[in-house]
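Presented below, as structure tokens, is a lone chain in the form predicted alone.
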């Protein structure tokens, strides 16, 4: 579905307001000795998975505002699960994407907000409050705001893998990646000029700005990736799973974003050797 100009303005302004509300909860706790606890260990996640009051309170305040303004909309959030709606609209929230960075005082964590229509993301927002950086994307357009300055996003245009800058969060097989996907990422990284780690969703924002050329991830959940496609695609990039399908088409949690179709095709080929 393509949003009308009126819907883009309405939902976009609302997304900005609720991300502002989330900033109040996260910024006051960042680098301020916030208590950290671990989520329950599961078969798919045996590592320490941190959560803080910032995660919970930011999601809580966003949910409250969605409930007041759009009571028929559904909500899916990392911390409090799913609230069913009465129509085709659903907000998908990751209040602090990159909690490991947050608890280490690294300003690469973000707040992710997506709006889906019949399970397809039509609006995405990435917000880095500490740096006052924010990306918002809808089909065909993606914008970046830093302070009072807003610019249109455009990917780098890189097509040659040998000159590409690639990023992922943590490619260890005992973390987000399994053995096979860790080896696949290593093949991809060996073909690229520069490799960077530990930026979580912030890396997709940098890709939309033309500062990174490829992002490859594994182990993602719905709330991790829902906001990404509108921003990457709105800047001219390509984003799919590692099979070249729409994000969420399988349950493997893999994402591959690239600056150009040609670069994406090359990266897909390397990952699937």
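Quick caveat: nothing in here was measured; it's all calculated off a predicted structure. Residue numbers count along the first chain shown, from 1.
In what follows, reference is made to the form predicted together with a further copy of the same chain, a form of this protein that is not presented.
When a further copy of the same chain is considered in the predicted complex, residue 104 lines it closely, a heavy atom lying within 4.5 Å. In the predicted complex, a further copy of the same chain stays beyond 4.5 Å of every heavy atom belonging to residue 73. Within this chain, residue 211 lines the site of a further copy of the same chain in the predicted complex, having a heavy atom no more than 4.5 Å away. Although the partner is absent here, residue 180 is not a contact residue: none of its heavy atoms lies within 4.5 angstroms of a further copy of the same chain in the predicted complex. The three marked residues, 143, 226 and 243, fail to reach a further copy of the same chain in the predicted complex, with no heavy atom of any inside 4.5 Å. This chain is displayed without a further copy of the same chain, yet in the predicted complex the stretch 25-33 from 52-60, 244-252, 226-234, 25-33 comes within 4.5 Å of it by heavy atoms. Residue 189 is the only one of 189, 161, 93, 122 with a heavy atom lying within 4.5 Å of a further copy of the same chain in the predicted complex. Think of it this way: in the predicted complex, a further copy of the same chain has a heavy atom of just one of 206, 238, 66, 220 within 4.5 Å, and the residue is 206. In the predicted complex, the residues of 169-193 lying within 4.5 Å of a further copy of the same chain by at least one heavy atom are, in order, 169, 170, 171, 172, 174, 189, 190, 193.
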